[in-house]
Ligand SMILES: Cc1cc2nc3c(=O)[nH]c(=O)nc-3n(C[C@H](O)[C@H](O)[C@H](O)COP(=O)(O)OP(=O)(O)OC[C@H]3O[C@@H](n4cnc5c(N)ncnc54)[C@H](O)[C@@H]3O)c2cc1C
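We begin with a single chain expressed as structure tokens, specifically the form predicted alone.
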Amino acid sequence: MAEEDIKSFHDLITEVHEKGLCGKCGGCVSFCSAGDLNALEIGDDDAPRFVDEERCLKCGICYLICPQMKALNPELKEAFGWKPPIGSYRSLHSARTTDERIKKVCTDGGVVTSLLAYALKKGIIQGAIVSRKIGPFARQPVIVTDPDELIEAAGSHFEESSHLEEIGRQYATYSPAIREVRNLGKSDLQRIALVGTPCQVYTVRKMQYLKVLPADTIVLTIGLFCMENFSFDDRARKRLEKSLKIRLDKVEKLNIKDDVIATLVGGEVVHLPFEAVDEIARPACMGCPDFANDYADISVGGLGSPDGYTTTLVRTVFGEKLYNGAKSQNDIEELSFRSHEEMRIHKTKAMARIIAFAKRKKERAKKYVSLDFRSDK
């Protein structure tokens, strides 16, 4: 390939940044092959930018691993046996944790925390990159290395976050987990799990395909069903509060199933349609076509399961061994049914909802950006 045919960060500026599609994941800066030359940096607005364009090696790594770029789609689809409309999978379950400590802090059924705790106890992984809640509209990535740390991270740490009343504060439910992957190269950890959004898992898979270190240390990916994450400042917050007639500083818990579910202080639950909160959705999410986390080992979410259970889509052989191991140890339990037919109907309905949301997100992405998803149909 001629040098002029290789895409670089300059092309990302044109094709992603200028179109408002940058998700600020930090992958391009974290894994820049000219990192020691300080060609790129994270700016004050958390977006990547050139420090000195002349130092760029124009190797194309940043362009290829960017989640908005689809250049490696054919290769990944072949490697993972991708099938329309939501990728390959081996089984579908509605499950929940059996650990009372996890039940107290989990969002849905606590399956993710229980699977990771089981993997840590069995030595399958040495640590996990997870999202730590520091507020209903604030997340931060953290690496945990034992089950107790994992459960502690799964809880809420609102006391450590600033109040929503602070003028001009930028809030985001998105946690930049990819930046933590870079730090793995400085540790002795060799077997790590990543819990992430579709764009994050997609980036890791591309890095693994390209053999970008230390992506090889990610041995397990648990992907979250994801319609969108939110990002807003004080001005947007005031507009949203006026239109929704609720105060965001009263939101104690945020969850997404068929819609956006806000639990307020005092226990009141408010259901918000996606259209009502699109104003604060991250632009990168609006251009993303992946809802069901197609390339994860296990994909999870609340959609399709009753309250207190996690819809668990087991995709790979490794994911299946992990799930079955945790189940055999009674770390998780599945939703019980009166008959095989009742179970079949439940799973059919759950899959139909997942597919419907996946198609809905693809259609939204088509409208938001001029991208070709014909191969996904």
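Please read these numbers as outputs of a predicted model, since none were measured by experiment. Quick note: we count residues from 1 along the sequence shown, nothing fancier.
Quick note: we don't show the form predicted together with the ligand, though the next part is all about it.
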property: Exercise: residue 243 in contact with the ligand in the predicted complex, heavy atom 4.5 Å; result: no
property: Any non-hydrogen atom of residue 175 within 4.5 angstroms of the ligand in the predicted complex; result: yes
property: Residue 298, heavy atom within 4.5 angstroms of the ligand in the predicted complex; result: no
property: 4.5 angstroms heavy atom contact with the ligand in the predicted complex for residue 119; result: no
property: Stretch in contact, per heavy atom within 4.5 angstroms of the ligand in the predicted complex, of 76-84, 184-192, 302-310, 212-220; result: 302-310
property: In the predicted complex, the one of 277, 92, 153, 248 near the ligand [non-hydrogen atom within 4.5 angstroms]; result: 153
property: Complete contact of 99, 124 and 324 with the ligand in the predicted complex (any heavy atom, 4.5 Å); result: no
property: Stretch 217-237 - residues with a heavy atom within 4.5 Å of the ligand in the predicted complex; result: 224, 225, 226, 227, 228, 229
